[in-house]
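Same chain, two versions here, written out as structure tokens and called structure 1 and structure 2.
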Structure 1
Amino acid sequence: MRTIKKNVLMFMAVIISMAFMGALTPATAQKTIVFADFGWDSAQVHNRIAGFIIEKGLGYPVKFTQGETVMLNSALIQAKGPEAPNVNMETWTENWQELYDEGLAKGKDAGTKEGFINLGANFPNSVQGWYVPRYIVEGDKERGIKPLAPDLKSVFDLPKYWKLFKDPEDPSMGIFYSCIPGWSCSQVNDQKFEAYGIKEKYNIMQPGSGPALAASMEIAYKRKKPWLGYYWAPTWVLGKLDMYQLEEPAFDQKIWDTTRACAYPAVKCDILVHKKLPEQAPEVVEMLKKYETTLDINNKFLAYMQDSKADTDEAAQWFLKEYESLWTQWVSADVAAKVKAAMK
């Protein structure tokens, strides 16, 4: 009988000990923060910046689920299963507007567990437009370049300067480097050519890939040559090269829907979380509300990746070191100290 009592007491002691140890390690019971790991570098770097801070500073486990825009954002709305994302660090909202509107509406509906909430901008807006190297317009004393087209300010000045951007395959025309075939911006640029009245002066060149388009710009820049074409940000190439965006009429939805004779619309890049995350991980959501970068910062860490052949984890570490004064504003001093201690 005493042996039975002794065994019972020992068993109870083990249970109490396990409960006590569990109380000492709350991170094991904390919500796993799952990031929508889209297929472009800037989103993946933001995921790893935020993920490192959350894991090392706030003590939550993190995970990255890879996939494409519609699939991951649909999963974010539903948040079912351990692989479903509960955080989107970089929305590019207008690219999936209908689904975004659905997710936001469900996020406000108390009658469903589905939906997400918007925590605000990661960086204010993306940029799309037509560019030339800045030295074409303003020159570059350090590189010994005199301005070749000081009056080139807007797209309407292009007909006057077609000879500057002469097509090597057709010397009677200028050349414009447009989007990759199949990209929506390819059709947009074709329409802009008509609307701006420059079709008779320029041929449109469509590189076969994104890297080929970037390479055409970088090669011309290194050789101090003229280049004219479409590009967007955040991207490594606009972080690395000093390019000048040509002016266009301000974006107007009615004009955009008809002739495209206006600037590209800025696409929102906000941070979304599943509607239940504020109660499941309040410290995480508070940090993400404060998380904000700039277009210039995005361009710079992407340029660092290109120049250093760095992966997204290395780019995140570079950001944490280079922009310590920024990210430490998102967290308490204690959390910042933990993050710094964990940095490579």
Structure 2
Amino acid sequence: MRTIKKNVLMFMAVIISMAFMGALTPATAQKTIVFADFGWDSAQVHNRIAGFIIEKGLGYPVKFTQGETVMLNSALIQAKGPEAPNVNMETWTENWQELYDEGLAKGKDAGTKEGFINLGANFPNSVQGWYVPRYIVEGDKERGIKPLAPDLKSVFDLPKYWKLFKDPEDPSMGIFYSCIPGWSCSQVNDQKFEAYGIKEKYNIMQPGSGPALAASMEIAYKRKKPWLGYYWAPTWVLGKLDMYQLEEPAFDQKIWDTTRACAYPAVKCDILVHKKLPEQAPEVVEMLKKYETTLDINNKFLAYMQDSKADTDEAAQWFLKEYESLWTQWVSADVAAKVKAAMK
């Protein structure tokens, strides 16, 4: 018994000392690049793509910090501690406008260490809007679904169809699944409700989280039931489910600024970095300035993820292979060679 105990102790001692030695090896002098890893797929794939190029090509260690939109962005502004992100690959500015303005202003102010700078678009024209499953409007012969609302084309048709989207908790009203509480789209949707005159007929459901909103839509789709709510692209959900975007009056800045009774503006998804990053990692910032994709590419890698059950790392590898001619323009030839050598 005693020798067994001794052996176990020795074994543990060896393991622990090995772990310590691993922890004590001097860290590389290079600044670690920390990405804000938001809870949706496109942002995570962009992080993995940029992260792979930066790590294998430019030689900076990379890290990903998970969290919610506002939390990660305020951490990015403050940049305190080793886990604080210093790169945001997908801004969606509208959803945290006040904080964005504050962070950008601080970025220009030399008197503070806080703030970020905007490096320009990652991809333009992402879409936000109100959706119903396409089978509600057009039916689906393959799945044996008859069109329940053949005349539902625009948001102005919603009042007459409220019964279709009945709220189980309050059967005298329809139900509209709005966006994640705290994102500005949830306030925008409230204002649109007033402006389009559908407030009397529909309740607004705040889903509480991104997965909950996606799941409510997917499950309605699986069960061939009606669903009405807000969603955005590029996302795997809209890549996978055939949803129908309800028409709204075309975007007009003046209307938007007053009543919001028009379509969402096309969102430009920019890349942000903490303002110190250009000093700490100039090559990284140079690369990120050139980093640019299109909505179409985003939809393609998201569809790839969904079809082949790939994770975000695999989707990034897929992108690097498929779009080699694109990303090699962002870096010098020898960096590109290093990245290619490291690809799986």
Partner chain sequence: MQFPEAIDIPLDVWVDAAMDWVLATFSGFFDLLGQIILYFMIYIEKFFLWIPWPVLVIGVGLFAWRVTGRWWSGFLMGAMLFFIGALGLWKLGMMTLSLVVASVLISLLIGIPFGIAMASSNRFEAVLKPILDGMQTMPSFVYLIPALMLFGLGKVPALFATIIYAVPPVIRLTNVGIREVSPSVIEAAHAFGSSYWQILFKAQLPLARPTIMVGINQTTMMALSMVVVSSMIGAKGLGLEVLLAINRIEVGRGFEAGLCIVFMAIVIDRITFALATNKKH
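Predicted model, so just to flag it, every value in this text is computed and none were measured. In this text, the rigid core denotes the largest set of C-alpha atoms whose superposition between the two forms falls within 1.5 Å. Numbers follow structure 1, counted from its first residue as 1.
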Completion exercise
Lone-chain pair; form predicted on its own identified as structure 1
Problem - Motion between structures 1 and 2 between rigid parts - which of Ile297, Pro124, Lys289, Gly197 is the hinge - result: Pro124
Problem - Smaller rigid segment rotation relative to the larger between structures 1 and 2 [°] - result: 34
Exercise for the section: Quote the shift of the Cα of Ile145 between structures 1 and 2 to one decimal place in Å, the two forms being superposed on the rigid core. Expected result: 16.6
Completion exercise
Core-superposed CA shift of Gln245 between structures 1 and 2, in Å, is 6.5
